[in-house]
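Just the one chain here, laid out as structure tokens, in the form predicted alone.
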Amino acid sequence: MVKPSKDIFKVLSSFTEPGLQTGILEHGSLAQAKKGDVLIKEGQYLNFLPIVIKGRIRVFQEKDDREILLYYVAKGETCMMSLSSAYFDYNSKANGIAMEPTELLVLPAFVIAEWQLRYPSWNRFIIQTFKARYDDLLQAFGDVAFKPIQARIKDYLASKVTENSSKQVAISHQTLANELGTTRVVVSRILKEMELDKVLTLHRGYIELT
């Protein structure tokens, strides 16, 4: 059983039926994760559904020492891969890792289908989850398929500058490669070329756009 808190109530506000809110508190449990904690592993059997209360989860696939970012799961959201695995009773197709200290509301898998039939607001939540993650996957596929890696690196760094209101982006070459689904060697080569073109300056532990 979940003990109500301010953060829990913010999530519950999306679910309008009193019976659903009571069911979430009754069947749910809370879990804490530190930055870097692996929450879900590819191939893992999932009999639960996590909803993010605080923090953020990075969902990705890994093959041959390369990672492909699928999407992020933010506050008030759940993971489509976890939802699919729990709903249709198969093993996870992706990994999930906490990008910062994260709190999760964990629900048992058996309530998913039952609540979808009983509560309209839960049904909307499930449908919106699939739509949002489907849009994320289309965007990721389009970037990989149609946009040169040089442009993707530039766009990624520009987005971080805007997000953090700073021209200094604290990120390693390996992390940047993981975010963009390429290798560290490729990223390092392109960043060096961009530095020679005076687009940015490379520092130890961060990149500064000029």
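Just so we're clear, the structure is a prediction, and the values are computed from it rather than from any experiment. Between two forms, the rigid core is defined as the largest C-alpha subset superposing within 1.5 Å. When you see a residue number, it is the position in the sequence shown, counting from 1.
Quick note: we don't show the form predicted together with the DNA, though the next part is all about it.
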Which of these stretches, 26-34, 166-174, 39-47, 54-62, has heavy atoms within 4.5 Å of the DNA in the model of the complex?
166-174
Although the DNA is absent from this view, report whether residue 188 comes within 4.5 Å of it in the model of the complex, heavy atoms only.
yes
Answer yes if any heavy atom of residue 199 is within 4.5 Å of a heavy atom of the DNA in the model of the complex; otherwise answer no.
no
Determine whether any heavy atom of residue 149 comes within 4.5 Å of a heavy atom of the DNA in the model of the complex, and answer yes or no.
yes
Partner proximity in the model of the complex: residue 160 to the DNA, non-hydrogen atom cutoff 4.5 Å:
no
C-alpha of residue 169 moved at least 2 Å between the shown form and the other one on rigid core:
yes
Checking residue 195 here: with the core superposed, does its CA move 2 Å or more between the shown form and the other one?
yes
